[in-house]
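Here we start with a single chain on its own, the form predicted alone, put down as structure tokens.
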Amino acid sequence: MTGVAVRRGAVRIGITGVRRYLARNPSLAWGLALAAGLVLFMAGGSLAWDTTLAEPLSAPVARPPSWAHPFGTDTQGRDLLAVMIVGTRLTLKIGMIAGGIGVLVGAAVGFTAAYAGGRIDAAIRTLTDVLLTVPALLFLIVVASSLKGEITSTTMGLMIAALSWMAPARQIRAQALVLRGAPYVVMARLGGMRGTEIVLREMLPNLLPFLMASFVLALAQAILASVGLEALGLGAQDEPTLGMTVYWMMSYSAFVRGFWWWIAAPIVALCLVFVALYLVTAGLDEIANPRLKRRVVA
């Protein structure tokens, strides 16, 4: 019974500590709250609303918001509430694929360069610097144009991921170089730990907040890149992502025809996504950056 009480007390203390920290870090608190709201919108909307209405000609054409269609419909007969539910999920899926792969590859490359040093570090650094000079958007436009008609949300995520690892690799290498000379890393090396063990057991845990912030930033950049490509008509034509909704809105002259509900829905959704990601990134940066952390605690 005593052990159970101790565990319950530890849980209460842990929850209290999290609440106190979130109170000192409002950026992270508001970002997580907004992100949770988006997740609830996607999950709850999929259960409470008929998402098949996101398909063309599944609803009356170009109707303003009503009880039957709270967000209105577009000129292709899509229910915009269903489009926002499905489109937000697909857009975040693209960002998760690109951001996740980009940070994983970047972390592997950055840690390898920092710990190996010498010629390996020089080769990786040179390759990364050269690839960073490639105009990413131009490259993506060329690839997407050649694959037009065959692109899916997964393909889009993989395309963006191919150019998303260089910046994380450079940043993680710089952080790992600092940790390589830390006393606990030197002691682990003298204790006979191998390079992979040192990276995974000593260096990686200390960089987790930085890696999380890098992932959220990469996620936001991937979403921005996908929306830019899709707004040019280079996305998945049969998937109602937020970027493709913007493309169809412009293609059917929603501004000229006064379809304000069609304009507002994707713009508001994208604004909420980017604000949530920005606030979470700022909050995580306060955890990862010692100077900002001291300022928040004070």
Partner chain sequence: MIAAIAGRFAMLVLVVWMAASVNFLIPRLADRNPVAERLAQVAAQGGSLSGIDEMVKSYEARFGLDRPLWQQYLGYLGDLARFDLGYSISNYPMRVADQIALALPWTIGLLGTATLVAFAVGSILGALAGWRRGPALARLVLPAFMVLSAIPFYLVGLVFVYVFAYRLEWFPTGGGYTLGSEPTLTVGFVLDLVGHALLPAFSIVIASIGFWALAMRSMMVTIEGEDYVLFAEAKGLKGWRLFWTYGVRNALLPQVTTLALALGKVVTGAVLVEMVFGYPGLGNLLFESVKLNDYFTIYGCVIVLVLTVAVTMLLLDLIVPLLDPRARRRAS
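For clarity, a rigid core is taken as the largest C-alpha set superposing within 1.5 Å between two forms. Everything numeric in this text was worked out from a predicted model, so none of it was measured. Residue numbers count along the first chain shown, from 1.
The next section is about a form of this same protein that is not shown, the form predicted together with its partner chain.
Here the chain stands alone, but in the predicted bound form its contact with its partner chain, taken as any heavy atom within 4.5 Å, falls in 130-138 among 130-138, 94-102, 110-118, 80-88. Remark: all three candidate residues (E150, G228 and V275) come within 4.5 Å of its partner chain in the predicted bound form, counting heavy atoms only. Checked against its partner chain in the predicted bound form, the candidates I124, V143, A167, A162 yield a single residue with a heavy atom inside 4.5 Å, and that residue is V143. Interface residue among L53, I263, A35, A62 relative to its partner chain in the predicted bound form, by the heavy atom within 4.5 Å criterion: I263.
Among residues of the shown chain, V246 is one whose heavy atoms approach its partner chain to within 4.5 Å in the predicted bound form. Heavy atoms of M250 reach within 4.5 Å of its partner chain in the predicted bound form, making it an interface residue.
Using a 4.5 angstroms limit between non-hydrogen atoms, A43 is distant from its partner chain in the predicted bound form. Contact check for C271: a non-hydrogen atom falls within 4.5 Å of its partner chain in the predicted bound form. Once you line up the core between this form and the one not shown, the Cα of A136 ends up 2 Å or more from where it was.
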